[in-house]
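Below you will find one chain, with nothing else, as structure tokens; this is the form predicted alone, and questions on how it binds or moves follow later.
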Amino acid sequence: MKNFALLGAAGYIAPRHLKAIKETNNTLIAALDKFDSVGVMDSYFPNADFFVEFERFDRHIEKLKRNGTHLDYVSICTPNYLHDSHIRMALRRGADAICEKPLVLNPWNIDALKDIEKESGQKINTILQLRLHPSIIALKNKVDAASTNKKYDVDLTYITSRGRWYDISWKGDESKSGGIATNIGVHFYDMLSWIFGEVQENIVHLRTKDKASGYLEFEKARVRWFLSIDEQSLPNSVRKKGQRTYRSITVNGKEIEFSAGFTDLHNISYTEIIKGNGFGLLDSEDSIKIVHDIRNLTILKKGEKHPFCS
């Protein structure tokens, strides 16, 4: 049984981590969040100590260490701009880190983490659950097995409606979230680079606070992509059903079905991390470079546009 601490216990994604810690037969000994709406912990670890101030959390972890309780992992579900700082804290405490995506906001942040990982002897893991999804694995196997050098034509569309709160939260602040492509798209870019190889061209056609679109060319694919948190971006057929989310990936015009099968991917991620098979810094480099460039590239009119981009 491994001992875990959790940073960002009141966040949207935290319950998936709590569930994964519980269902891999490990224990949570401490949690931190500046917000105290963490009643969800009762369903998993009601006896875990909880703190709203980092200083008291840190003091508690030090006390546990001096009393002989070793902290094995720190799970990090905090706002994106705090990830690298919290990763460093975990490693300095002698624990491995398990960090939600995006691991960091900028490529040079990864370079700095490589140094502390080497100095500490600890491991930095990130959650790239799409690499564990059966439909995505099947697609990668198909692409890897293909003998032709012809590139695939891919359309990626992801619309996940968000209310007015989004703008007010840290997620609406690009300096903290990295913007729309980083916050809701980074795992898709990781998936694409994992399947189709290195990026050869990156063009941005649209970039606003609530939507972005562009064209990515990889070694084995030409990708038109569109991301949005604006409900008005939803296809009429989806809106008529009262649905607020639309996700689609087509490869050469054929839909890849991956809407199901997400339930246990964090559990699988944790199982592999504990075995020593987690995704690390090198696995994150390509997607972090892609989202950094999307955030900073000049908007261009050239290149093939996604049908939703107008």
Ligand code: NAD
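The first residue of the shown sequence is 1; numbering continues from there. Small disclaimer: the values here were computed from a predicted structure and weren't measured.
The discussion below concerns the form predicted in complex with nicotinamide-adenine-dinucleotide (NAD), not included here.
With nicotinamide-adenine-dinucleotide (NAD) left out of view, choose which of 134, 79, 197, 94 has a non-hydrogen atom within 4.5 angstroms of it in the model of the complex. It is 79 that has a heavy atom within 4.5 Å of the partner.
Just one of 211, 123, 187, 88 has a heavy atom within 4.5 angstroms of nicotinamide-adenine-dinucleotide (NAD) in the model of the complex, so which one? By the 4.5 Å criterion, the partner-contacting residue is 187.
Where, among 111 to 119, 146 to 154, 218 to 226, 164 to 172, do residues come within 4.5 Å of nicotinamide-adenine-dinucleotide (NAD) in the model of the complex by heavy atom distance? Of the options given, it is 164 to 172.
Using 4.5 Å between non-hydrogen atoms, is residue 102 touching nicotinamide-adenine-dinucleotide (NAD) in the model of the complex? Residue 102 belongs to the contact set for nicotinamide-adenine-dinucleotide (NAD).
Wondering, does residue 56 line up within 4.5 Å of nicotinamide-adenine-dinucleotide (NAD) in the model of the complex on heavy atoms? Contact check for residue 56: no, nothing within 4.5 Å of nicotinamide-adenine-dinucleotide (NAD) in the model of the complex.
Does nicotinamide-adenine-dinucleotide (NAD) come within 4.5 Å of any heavy atom of residue 34 in the model of the complex? Yes, residue 34 is a contact residue.
According to a 4.5 angstroms non-hydrogen atom cut-off, is residue 300 in contact with nicotinamide-adenine-dinucleotide (NAD) in the model of the complex? Looking in the model of the complex, residue contacts with nicotinamide-adenine-dinucleotide (NAD) do not include residue 300, since no heavy atom lies within 4.5 Å.
What residues in 122 to 142 sit within 4.5 Å of nicotinamide-adenine-dinucleotide (NAD) in the model of the complex, counting heavy atoms only? Heavy-atom contacts within 4.5 Å come from 127, 129.
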